[in-house]
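One chain comes next, on its own, written as C-alpha cells: the form predicted alone.
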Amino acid sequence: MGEFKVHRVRFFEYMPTAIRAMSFNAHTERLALARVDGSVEVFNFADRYFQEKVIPGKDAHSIEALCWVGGRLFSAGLHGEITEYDLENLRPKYSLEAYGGPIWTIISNPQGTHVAIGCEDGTVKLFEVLAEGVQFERNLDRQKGRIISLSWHPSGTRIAAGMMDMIRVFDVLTGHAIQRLLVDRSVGGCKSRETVVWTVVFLSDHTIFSSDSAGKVQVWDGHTGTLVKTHQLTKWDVLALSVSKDESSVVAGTSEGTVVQFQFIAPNLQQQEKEWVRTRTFKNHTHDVRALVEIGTAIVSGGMDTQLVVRPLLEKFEEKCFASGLRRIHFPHRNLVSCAQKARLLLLQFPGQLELWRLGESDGHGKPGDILPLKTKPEKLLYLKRKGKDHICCSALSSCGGWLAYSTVSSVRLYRLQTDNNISITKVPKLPKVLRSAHQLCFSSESSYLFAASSQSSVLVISLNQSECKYVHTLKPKSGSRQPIHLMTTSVDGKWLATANSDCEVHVYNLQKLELHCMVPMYSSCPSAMGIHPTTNNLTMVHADQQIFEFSIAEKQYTVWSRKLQMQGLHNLWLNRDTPVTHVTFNPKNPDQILLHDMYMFCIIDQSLPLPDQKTQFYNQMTLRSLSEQERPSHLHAFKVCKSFQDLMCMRLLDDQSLVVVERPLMAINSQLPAPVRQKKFAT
C-alpha cells in the first residue's frame, strides 16, 4: 500500500447545526432541508442522496418551514419574510415582507398556484405564485392565537390550521373558519399549560392528523369535527408528521428521537374494516426529530442531532439494493479544508470565520502504527472573521501559502499572507468589479492566477502579482448550462482547468489559449471528486454512484485503464459504500497511484496491479499481512483500503510525501449537543 508519515489532525472543530425543516419534491426527487443557521441544502435522491447544492445562511435569519412549488423553492421564518431561492446562483432570489409578524409555517396547494403562510398575528395569508414571484391575495378569517401549522386538503378547497389548544378548518373560497376542533390539554399533562398543535395533515377523505406538545397524535373526522382516536406516544412533544403519497401511512417524529409509523389497515384478522393503527417505531436519533418526510420507499428524518437519516421501508423492496440500506449523512459532500502543500498550512472554513494552521513536525522514525514524537506542535496562525451578515460559502488557499480568498453570496475577499517569521495579512483593496461572488475558488499551482466559479457555469480568470490583481478572461461552456459549478481542479503544469456542475457536465479548459478544450462525455451521476494527474494530465473523476473514470485530456477520450475498469466492473463492496468520495489526489513519486477518500475510508488505487473481480477478497489488508513475501503477489489487487482513521473530512498529500488526515469524530460532535429529553438507562 505504501508507507507515509501521517499528520492526524483533530483541531478542526466543525459543528453542523440542527435540521429545522424539510420538503421533498417527488417530481424531481430533490429533498431540501433547512438548518438552524439559515442554510439550505438540496439532495438528489435519484443520485445516491448526493448533496447537490448548498445555499449559505445569514446571521439572525432562521428558517421555520420550506415548500416546493414545481421546481421553485420557498422558505419562511420568524423574521416575517417569504424567501424564494435562486437555485442556479445559490442565493436568495428575493424576500417579501408578509406583514403578519413571525411566520411559523408555509405550504403550497396541490395545484401549485398558491402558497399559504401561518403568522404570529393569527392570520392565514394566501399568496398567488406568479412567474416573477409571489403576490399577496387575501387573508383568511383572523384568529386570536398564532398559527403554528397548516395543511392543505388535496382538493385545494380546505385548509387545516394548528394553533394553541385547537385546530381550525377554513374554507379557502370564502375565507371563513368552518370547523373548530378542541385539543385536550391533559392526558398526563398539566391542564394549566397550553397545548401546541405542532403539525397537522389533511387527507383526501377529510381525515385530519394532528401532533402536539402533550405527546399525542390524534385522528379527527374533518366532516363532523369529532375526535376519532388518540395515540399517546410520549410524555414530550410530537414535533413532526408526514403522510405517504398514497395516504396509506403516516409517520410522526418525537422529542425522544423516535419515529412512529401509523398505517391504515385492519387491526386484526377477524376485522375487515380498516382504521389507523400504530405499527412500528424506529429509533435512529438521540434528540428531537424536528423534520420528517415519507418518500414512498423510505422515511427521511432530521433534527437536533444534526444528521440526516434515510430509513428504508423494507417491505417496499423485493431484493437487497443500495436503497434498502439505512443511510446517515453527517458531513457535507464538499471540502471545508484547503491545504498549502508546499507551505504545510491548513485553512479551515467555518460559516463565520476562517482559521489558518501550521502543521507540526517530527524527525522521528518507526514502524507502521507508531506514534512519533513532535519536534514542533501545530500552531494556529490566523483567525479571520468574515465581514457582513452573509455566511462563507467557499474559500481557498494557494499551494505556496501566500494567498487566501473567500466568498459569500455578496462579495469576494482576497488577502496576501506572510507566514515565515512574523505573521501578517494584507487585504487586496481593489478587486475587479466582475468578481462579485463565487460558488468555488481555486488558485493555480504556481499561485499566479485565481479562478472563481461564477454564474451559468462560467469561470472568471484573475491574474495575481505582488501589487495588484487584474481580470483576464471569462471561460464559458458551450453547453449553455445555467447550473452552478461545484468542483474545480487545475493541473500542476498550469495548462489545464477542469470544472464540474450540477448538470453532470465536466468541462476542460486550456489556460494557455483561454478557451474550452473539450467536454467529457456525459454520465448520469454527478461528479463528487476529481483531479488531474501531475505527469500524464489524465483527469480522474469519481461520481456519486461510486463509478470511477479516467479521461485523457490530450487525446480527448477515456484511457485504456478506464475502459478496462468499466468493462470488468467495480467490486460490489466498493459500489455499495455509504458516502461519496470527496477528494482525489496523486502520488508524484509513484505515478501509478491514485489517492482518494470518503468519510469512512482512505484508498490507494494502484493502476499497475490487476483489478479485483467479484470473487476477490476486496478488504484484504489483514490477509496480506499474514502471508509470506512469496505468496503476497498472487493476492494483490489494485484497491488498497485503509479504515484506520475516524470520520474523515479531508486527506491531502504534502510535497514532503507526508499525509494530512483531518478527522472529526462523531463522538466529539455529539458531546457538544444539548442533553436529550430522555436517556436510555439499563434494564428500563
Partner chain sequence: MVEHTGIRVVHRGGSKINFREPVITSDSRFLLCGSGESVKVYSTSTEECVHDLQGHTDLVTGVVLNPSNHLQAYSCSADGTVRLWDFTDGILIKTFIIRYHIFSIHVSEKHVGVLFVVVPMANEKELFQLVAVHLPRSGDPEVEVGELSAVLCDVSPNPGAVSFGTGGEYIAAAKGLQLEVFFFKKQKSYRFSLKSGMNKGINNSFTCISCHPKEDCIATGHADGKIRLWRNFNQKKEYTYSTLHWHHNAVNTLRFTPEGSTNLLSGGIESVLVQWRYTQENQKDFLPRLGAAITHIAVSPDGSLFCTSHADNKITIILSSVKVSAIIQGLVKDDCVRTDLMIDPRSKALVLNGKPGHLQFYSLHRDKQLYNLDIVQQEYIHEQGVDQFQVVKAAFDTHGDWLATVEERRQKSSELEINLKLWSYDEQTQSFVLNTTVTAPHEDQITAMCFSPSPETTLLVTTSLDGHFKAWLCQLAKKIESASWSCDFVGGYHLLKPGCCCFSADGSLLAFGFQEVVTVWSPTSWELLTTLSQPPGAVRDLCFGRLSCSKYLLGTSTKNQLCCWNLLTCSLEWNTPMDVSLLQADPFSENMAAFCSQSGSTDLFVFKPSEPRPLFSKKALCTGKVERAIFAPRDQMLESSEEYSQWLNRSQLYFLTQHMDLMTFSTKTEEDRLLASSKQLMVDDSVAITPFYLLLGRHKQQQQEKQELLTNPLAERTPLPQGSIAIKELLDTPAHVLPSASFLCSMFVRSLLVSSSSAR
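Worth saying up front: this structure is predicted, and the values here are computed from it rather than measured. Numbering follows the first chain given and starts at 1.
Omitted here: the form predicted in complex with the partner chain. The next part is about that form.
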Task: Interface residue in the predicted complex among Gln418, Thr279, Thr174, Ser448, criterion: non-hydrogen atom within 4.5 angstroms of the partner chain - done: Thr279
TODO: Tell me, out of Ile532, Cys442, Ile148, Leu233, which residue has a non-hydrogen atom within 4.5 angstroms of the partner chain in the predicted complex.
DONE: Leu233
Open item on the list: the partner chain is absent from this chain, but in the predicted complex, do Pro267, Gln270 and Glu318 each have a non-hydrogen atom within 4.5 Å of it?
Closed with: yes
TODO: Find out whether any non-hydrogen atom of Gln263 is located within 4.5 angstroms of the partner chain in the predicted complex, and reply yes or no.
DONE: yes
TODO: Answer yes if any heavy atom of Lys229 is within 4.5 Å of a heavy atom of the partner chain in the predicted complex; otherwise answer no.
DONE: yes
TODO: Given that the partner is absent here, state which listed stretch (161-169, 374-382, 393-401, 309-317) has heavy atoms within 4.5 Å of the partner chain in the predicted complex.
DONE: 309-317
